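First, one chain by itself: the form predicted alone, in structure tokens.
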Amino acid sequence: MLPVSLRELATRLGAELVGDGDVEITGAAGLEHAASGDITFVTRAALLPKLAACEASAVIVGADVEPDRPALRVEDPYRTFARLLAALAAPLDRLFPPEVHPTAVVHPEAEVADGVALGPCAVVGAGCRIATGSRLGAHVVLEPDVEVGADCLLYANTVVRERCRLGDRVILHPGCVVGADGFGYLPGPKGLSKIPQVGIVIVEDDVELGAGTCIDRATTGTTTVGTGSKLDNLVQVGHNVTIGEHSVFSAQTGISGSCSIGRGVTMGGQVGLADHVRVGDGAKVGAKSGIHKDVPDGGIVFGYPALDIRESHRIAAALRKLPELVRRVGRLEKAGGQDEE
């Protein structure tokens, strides 16, 4: 797409041109990293001092910001910048050549629709079904009877275990595993006996799973990741977990078995949930929090163990005063002892 004149970019993005439309744009970057030739964006007037120190050749602004250089004026600068970045991304045909690579292995009983791309050494097991437009990278493995919806992207070295199902437009980043056995063992006199994990995983439409993320299959029934949910890298979801629609988990979050996560839930990095916990719709969980009991709809919790955000902040504030309180108690005890003498 680039290089391109700012005038042409305004036409493509449906933006109002402000200033010199002949400025040539050769890249895009945030305020902190933009250089000459780049276009950046400013979401509010408070960021204008940072813009003044930035070398970007042009800027995307909203209605309430007066730029100091050629600009594109739009309703939502951040969303417009995201659209621009999407146009700059590597074409899918470059990442996933639209072909079945000669080294791909497709079982005769598999059903692969027209327009499916299979990369080097991809494996499609017996009874699998892959809908049109989906693309599998190098060394992707679909074990028997997996279903993959339309327009999915499965990057290199992802694995989908037997009978699991992916909806439409699902994205699995490298090293993602869907349907590994749940962590179930029965203690006995001779040690731990494995409990067979015979359920499946259902990943609904428009879900994105980050690199190294693992979704365990259910012991019986299903583990479900709801429509539109986004899970960052290295997230672990245990057996029989249900995640509602449009929830977002940051990296290294761990969800123990049989938890129920509502719709629109947000979790920061390294959050941990004990088993059988319910997190209500719209709840927010701060980074590194440990959840050991249910969180109500709309709840905001933080800490280890996680508490209501206001109580957690009060405790944190009190802890900062603890050293001085210890000194004061020491002085009072000393004074009390002297008085007794």
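We call the rigid core whatever largest set of C-alpha positions still superposes within 1.5 Å between the two forms. Numbering starts at 1 and runs along the sequence shown. Everything numeric here is computed off the predicted structure, so don't read it as measured data.
Unshown form predicted in complex with a further copy of the same chain; subsequent notes refer to it.
Only one of 113, 171, 100, 150 comes within 4.5 Å of a further copy of the same chain in the model of the complex through a heavy atom, and that residue is 171. At a distance threshold of 4.5 angstroms between non-hydrogen atoms, residue 315 is in contact with a further copy of the same chain in the model of the complex. Put simply, residue 134 is far from a further copy of the same chain in the model of the complex: not one heavy atom of it is within 4.5 Å. Looking at residue 230, you'd find a heavy atom of it within 4.5 angstroms of a further copy of the same chain in the model of the complex. Put simply, residue 161 is close to a further copy of the same chain in the model of the complex: some heavy atom of it is within 4.5 Å. In the model of the complex, a further copy of the same chain lies within 4.5 angstroms of at least one heavy atom of each of the following residues of 272-289: 272, 287, 288, 289, in sequence order. Shown in the overlay between this form and the one not shown, fitted on the rigid core, is a CA shift at residue 324 of 2 Å or greater.
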